[in-house]
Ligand code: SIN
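In the form predicted alone, a lone chain appears below as structure tokens.
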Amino acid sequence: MIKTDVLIIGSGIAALSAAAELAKYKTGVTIVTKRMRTDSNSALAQGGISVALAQEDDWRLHYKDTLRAGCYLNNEKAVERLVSLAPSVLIDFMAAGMHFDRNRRGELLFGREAAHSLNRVIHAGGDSTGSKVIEQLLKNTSDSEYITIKENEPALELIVKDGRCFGAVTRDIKGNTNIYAAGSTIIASGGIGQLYPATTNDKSITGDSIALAHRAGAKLKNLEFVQFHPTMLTIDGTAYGLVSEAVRGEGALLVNEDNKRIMLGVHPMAELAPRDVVAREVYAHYLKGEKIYLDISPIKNFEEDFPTVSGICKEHGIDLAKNLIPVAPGAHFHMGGITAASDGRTNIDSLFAIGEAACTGVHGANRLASNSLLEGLVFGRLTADHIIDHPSEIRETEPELSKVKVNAAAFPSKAEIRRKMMEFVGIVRHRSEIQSVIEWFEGFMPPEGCVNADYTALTNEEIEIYNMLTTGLLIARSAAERRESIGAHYIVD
């Protein structure tokens, strides 16, 4: 039994933002992360952080853009809290050592991304924002005596009794089962990208947060809304990495093999239309067997401005001198998740959810570009502040010993799960077919349903597949329940 004031599951921007704030108040924090501390979606983010810091900008404009991109299904109060607090949180972050790109006069550089009405995206190292942010947050937390980070230690189960969370069970790199007794537990373990064949997500992101929370009795929301990024570097059907939306923000155009623009006439904002619109158009051409490219010829200093994208392209044999990067969509961000307030509170006492694992309602049916890193910073801090103001005592509580046996030998491969997800709950969905994939998922669940399994009899790989099956089933059920076609939930029948 390991005691800690706060247990955080995950090590991305939301997790580290909360930890850094908690440590200021001498609160003991233990972070357990599935792989290494730098293995997160946050570290892979290229574009930047949207914030109304430009002289001509205002948080109210940011608010309007966020609602419009989210198809007005957003939680308006949560959006207002996010964008109105953003400037002060980013100013504090810069005061704590974070350096964003500036011009020769020392002024912040603001980029443009999809569905923004003006330039408001700040970035670091060109298109290396995520890695720079995580690097700074780790630097800010590494010297704290109040923060302990445990790597290669996936969470197996949340310990919940009588409507309160008392911690979690994990398995360390040596195969030992550890029980953490925590006053407060925060789920910050990211989204669901690895449930799909092509994704911008880190390899560790397999929907564990949804599965863990559901089995513990946490409420979930908007699981049907899965955002696909329109432009992943894709060669012969295989995706090799993200081509940042900031590339289109700087003038790159989507063209077909005949060099004709494909977004003209589709949406007034053309290449900078909301992501769901662009992703569907690119995907429609892709399904016809057509190749789609990003024409980067309008960008004068492409390799200098986008070193990360340039490196990925060169690594896979793309000649940038030809100004054409082959692209196709890939799973990118989950707007749904564990139902949570902007300060992380869930329906279970002492259990919090932040970042992509949570659904606060700020993103609605479709996330506005570069609001994800912002959400992690702002709501991670708000959650920490709530815990500081409302501390919970640590109580040693053993998890339930009786677990359901699951037949792991009958589990499908990860590749098969991904194929099913893309076919039935991907970019374009057919209401008449979703029930068939629900039944397919249910065939691998124990009779009791999506419940805690006897993890002592399962390998880490089998637990991961069980989580993928659980989360895939829950997403498909949510897709079946949503009758309207809206945002990232696009129904053709």
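Sequential numbering from 1, following the sequence displayed. What you are looking at is a predicted structure, and each value in this text was computed from that prediction instead of being measured.
Form predicted in complex with this ligand: not shown, discussed below.
Stretch-level contact analysis of 415-423, 76-84, 368-376, 339-347 against this ligand in the predicted bound form, using heavy atoms and a 4.5 Å limit, identifies 368-376.
Although the partner is absent here, His332 sits close enough that one of its heavy atoms falls within 4.5 Å of this ligand in the predicted bound form. The closest heavy atom approach of Ala279 to this ligand in the predicted bound form falls outside 4.5 Å. Shown alone here, Glu356 lies farther than 4.5 Å from this ligand in the predicted bound form, counting heavy atoms only. Not displayed here, this ligand is approached by Glu113 to within 4.5 Å at the level of heavy atoms in the predicted bound form. Judged against this ligand in the predicted bound form with a 4.5 angstroms heavy atom cut-off, the residues Lys34, Gly190 and Ser204 are out of contact without exception. Only one of the listed residues (Thr66, Asn467, Asn41, Gln46) places a non-hydrogen atom within 4.5 angstroms of this ligand in the predicted bound form, and that residue is Gln46. The single contact residue among Ser209, Thr185, Thr199, Ser244, judged by any heavy atom lying within 4.5 Å of this ligand in the predicted bound form, is Ser244.
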